[in-house]
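Shown next as structure tokens: one chain only, the form predicted on its own.
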């Protein structure tokens, strides 16, 4: 079964993309929990936090720095949440590592 997030990365499925570079893609969540609800994910397919390895250290560091940058660009850097869901019991729906950036409350 093809990963829906990989399909978005490969431009085989539409998404409301707000940022993209060679390592990451950021797009709006289709069921937002707040005025700003974005998904930040590496283009490298990693199933979840439980599947991270030593070789992913730089990738994860860059992901957090990207979250900071995107929060500022979206105007929510004065307060936001970053959340990973891990596994079905942890609320993960898509088996591709992704970080939720949620904010924008008044």
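Numbering follows the first chain given and starts at 1. None of these values were measured; they are calculated from a predicted model.
One more form of this protein should be noted, the form predicted in complex with adenosine monophosphate, which is absent from this view; the next part is about it.
A.B. asks: When the contact criterion is heavy atoms within 4.5 Å, does residue 45 count as touching adenosine monophosphate in the predicted complex?
C.D. replies: Heavy-atom contact with adenosine monophosphate at 4.5 Å: absent for residue 45.
A.B. asks: Residue 80 near adenosine monophosphate in the predicted complex, any heavy atom under 4.5 Å?
C.D. replies: Taking the distances in the predicted complex, the answer for residue 80 is no, it never comes within 4.5 Å of adenosine monophosphate.
A.B. asks: Would residue 3 sit within 4.5 Å of adenosine monophosphate in the predicted complex, counting heavy atoms only?
C.D. replies: Result no; residue 3 lies far from adenosine monophosphate in the predicted complex.
A.B. asks: I'd like to know if residue 21 sits close to adenosine monophosphate in the predicted complex, meaning any non-hydrogen atom pair within 4.5 angstroms.
C.D. replies: Close contact is absent here: in the predicted complex, residue 21 is far from adenosine monophosphate, nothing within 4.5 Å, heavy atoms only.
A.B. asks: Go through 59 to 76 residue by residue and record those having a heavy atom within 4.5 Å of adenosine monophosphate in the predicted complex; state none if no residue qualifies.
C.D. replies: If the 4.5 Å heavy-atom criterion is applied to adenosine monophosphate in the predicted complex, 59 to 76 yields nothing.
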